[in-house]
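Given as structure tokens, the chain that follows is alone and in the form predicted alone.
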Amino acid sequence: MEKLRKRFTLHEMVLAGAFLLIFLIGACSNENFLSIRNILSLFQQMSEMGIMAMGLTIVIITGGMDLSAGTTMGLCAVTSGLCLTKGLGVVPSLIISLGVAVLCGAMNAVLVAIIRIPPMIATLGTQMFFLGAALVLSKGNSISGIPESFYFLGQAKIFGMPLQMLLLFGLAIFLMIMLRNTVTGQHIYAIGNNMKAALFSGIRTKHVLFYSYIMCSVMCCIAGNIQVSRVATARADMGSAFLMTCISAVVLGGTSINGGNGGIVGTVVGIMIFAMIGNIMNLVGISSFWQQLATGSILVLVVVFNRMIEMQKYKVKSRKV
């Protein structure tokens, strides 16, 4: 136990224990849970939320928040859907959609880093703005008639594995390397720990915040296009239902809501926990209303648990002083 405590934090051990417990509950509750088909379906369904959650992780580590992530996803989905149905090719449509994502991220960064509006307030405003823009573009309707050439992103399989699952883990590896082994990654953590100290140490905080919010929007764009490809439809509200689950997964994965601490691995595990809970409830026939209750309950418990750990650390430091 002492070796485990030295190697892993208390939160990491609790997270691993929760994952194993839910996995065992799923295995015992329904014989189809461990089937290859169900596991691949689980990864296929969690990929969009996982990619969005990883983007949110970067912003939250800086001490910020992006409440517009869901509507950014919807706006990018509507943009690519309109481009595809108007006859543009797959590549130009994706480029235009990515361009919209960069503009969304830049708008958030301007409000947060330059005008210095608190991130919650700034992104709450842009959340409504992006949703309104998506509704205007789509005229409040679903966009159907997506060409089959675009289906590969959300329906193709490589060696029997869904392409979006491979994208999820590929992006996770990329972001892990970026956060742990690059100067930009270290600056992201430094800003989250102490913005003023980071500024006085020579870190170009505005540039790093621009990078973080744009990266988050790009990840939302990727998730949105995957969903458009998977369901062959684009809607303005596509990502709205994902937001709270993604934030919950980020916090459950050990990323501090105050910034400066966290990582991609914990976020992926957090998303997998929520995906397994939903999958188990679907297999045993439990209503989706109870799934929302379970998600909210887990988030409250995690926030309380994290707060207790922080208070305990503060007491230990106070005693040493």
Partner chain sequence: MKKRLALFALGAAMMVGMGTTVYAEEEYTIALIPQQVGIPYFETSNVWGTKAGEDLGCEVIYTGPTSGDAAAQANIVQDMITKGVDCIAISPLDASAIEPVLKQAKEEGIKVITWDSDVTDTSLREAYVNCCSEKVLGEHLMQRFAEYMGEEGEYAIITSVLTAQNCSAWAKYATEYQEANYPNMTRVAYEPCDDDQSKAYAITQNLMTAYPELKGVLGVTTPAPPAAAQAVGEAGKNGEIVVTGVVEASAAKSYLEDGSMQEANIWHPGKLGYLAVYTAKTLLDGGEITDGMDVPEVGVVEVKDDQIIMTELLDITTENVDDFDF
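Remember, it's a predicted structure, so these values are computed and weren't measured experimentally. Residue numbers count along the first chain shown, from 1.
Missing here is the form predicted in complex with its partner chain; even so, the following discussion is about that form.
- Although the partner is absent here, residue 173 sits far enough away that none of its heavy atoms falls within 4.5 Å of its partner chain in the model of the complex.
- Among residues of the shown chain, residue 149 is not one whose heavy atoms approach its partner chain to within 4.5 Å in the model of the complex.
- Residue contact with its partner chain in the model of the complex: residue 227 places a heavy atom within 4.5 Å of it.
- Though the partner is left out of this view, residue 183 does not reach within 4.5 Å of its partner chain in the model of the complex, counting heavy atoms only.
- Only one of 248-256, 64-72, 23-31, 265-273 places residue heavy atoms within 4.5 angstroms of its partner chain in the model of the complex, namely 23-31.
- In terms of contact with its partner chain in the model of the complex, the residue from 194, 85, 205, 155 that brings a heavy atom within 4.5 Å is 155.
- For the partner-free chain shown, 227, 230, 231, 232, 233, 235, 237 of 202-238 come within 4.5 angstroms of its partner chain in the model of the complex, judged by any non-hydrogen atom.
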